[in-house]
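One chain comes next, on its own, written as structure tokens: the form predicted on its own.
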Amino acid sequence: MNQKEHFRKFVYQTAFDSRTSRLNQLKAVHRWKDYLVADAYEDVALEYFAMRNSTGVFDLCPMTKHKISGPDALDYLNRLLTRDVSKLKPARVSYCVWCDDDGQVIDDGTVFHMREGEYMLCSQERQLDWLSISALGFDVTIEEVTHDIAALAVQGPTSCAILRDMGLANIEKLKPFGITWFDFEGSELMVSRTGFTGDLGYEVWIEPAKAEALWDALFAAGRIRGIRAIGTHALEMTRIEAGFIQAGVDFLPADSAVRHGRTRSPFELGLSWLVDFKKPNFTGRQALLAEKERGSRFNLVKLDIEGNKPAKDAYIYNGKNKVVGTVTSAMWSPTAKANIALASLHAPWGKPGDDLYAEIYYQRELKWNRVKARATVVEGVFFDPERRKVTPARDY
């Protein structure tokens, strides 16, 4: 069956399924769009520490990928996205968001400027309908290529050394958010220095027919450096430590919202740096200009919470015992040695020094307990190692 006819089939295995299914001792999986992906393979803690101390490999095949090309590709993307895409040179990647007419975020993702006039937009959610509607009046071709590209996230301090040992010469010279290409068994292997862990890491992209060979070569090269397949639970831990947001968790995509007031603007997600009012018109510009003038409704902040009980879905109170927000993501961080969280707070709350508390409920032996723990607003991120940015990447 032609995989592009995904509406004819309910569930797909990824291009790496023959390898990942053998490793999945827990048989813990969930559906990411049309694919089955592992929550964890053997032990979440071991997978997490692999990414922080050696290398973790995550199957990225289900990530939604759109190829955007044509004479108006740049003008189209500049109209769609809030940041100035004209500044993105070939062989570079940028983080981006796009909004509806009300300035509310539909999704975030990465835009790859592959070659002159050729782009790839990657996101968690399917966006073909919105992208097609937004293309009205532009000479541009938009194609969803999710099924046509197999991808892996290779993340952790030994990731560069493993790729080099696999035969990718001079990979250590690739700068953060850079792209380079290699020959792999007669196919083009694209490597980008990108990832969702806040650590040194890469993403590798290849045609599905070469996926198994790529997996085997990667794991053979990484055997002595502690390479390990990792699932979504461990990846979730690293992205919270890095302070990265996730659609459907830290914000509700505007095109799927039912209730008014549940969505967020880039300003309300701490992404004002992605909004460029100096470039020509883009979708949501007028609404965002108005919001900048009057102020935002919410602030997304990072919190350091006392104690060691994760504040999952907790209410945040001020010193007068009034609810001022909610936690969107939370965990005990083994690396930061702290109880950390991302939270959406009603403005003006969310400034360093604010008197805040998290109401945490947790269960022990069928008994529910309640604690109210002090929450401190954190500036910067919880985890930001030097190795993430250094070029050439160091050997570990």
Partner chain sequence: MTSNNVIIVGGGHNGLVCAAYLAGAGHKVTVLEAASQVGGAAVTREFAPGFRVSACAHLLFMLNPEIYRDLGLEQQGFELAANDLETVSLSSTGGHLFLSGSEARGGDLGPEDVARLKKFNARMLKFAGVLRKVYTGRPPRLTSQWSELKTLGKLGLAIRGMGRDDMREFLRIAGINIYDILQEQFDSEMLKGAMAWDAVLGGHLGPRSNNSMLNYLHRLTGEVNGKRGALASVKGGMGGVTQALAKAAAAAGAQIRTSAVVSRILVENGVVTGVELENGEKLSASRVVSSADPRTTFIDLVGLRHLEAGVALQVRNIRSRGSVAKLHLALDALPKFTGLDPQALGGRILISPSMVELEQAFDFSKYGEMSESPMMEITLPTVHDPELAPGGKHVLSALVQYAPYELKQGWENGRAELLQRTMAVLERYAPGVGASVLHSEILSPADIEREFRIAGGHWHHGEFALDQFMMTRPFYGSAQYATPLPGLYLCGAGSHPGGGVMGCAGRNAAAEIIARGGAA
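Positions refer to the first chain, counted from 1. None of these values were measured; they are calculated from a predicted model.
Although not depicted, the form predicted together with the partner chain is the subject of the following passage.
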Could you work out which of Glu268, Asp72, Glu291, Asp250 is the residue within 4.5 angstroms of the partner chain in the predicted complex, going by heavy atoms? Asp72
Within 4.5 Å of the partner chain in the predicted complex, heavy atoms considered, which of Gly201, Gly284, Gly109, Gly325? Gly284
Can Ser134 be called a contact residue for the partner chain in the predicted complex at 4.5 Å between heavy atoms? yes
Does Gly307 reach the partner chain in the predicted complex, with heavy atoms at most 4.5 Å apart? no
Taking the shortest heavy atom distance, is Asp216 within 4.5 Å of the partner chain in the predicted complex? no
Could you confirm whether Asp101 comes within 4.5 Å of the partner chain in the predicted complex, counting heavy atoms only? yes
Please state whether every one of the three residues Pro176, Trp205 and Arg388 places a non-hydrogen atom within 4.5 angstroms of the partner chain in the predicted complex. no
Just to confirm the contact call: exactly one of 149-157, 183-191, 274-282, 224-232 touches the partner chain in the predicted complex at a 4.5 Å heavy atom cutoff, so which is it? 274-282
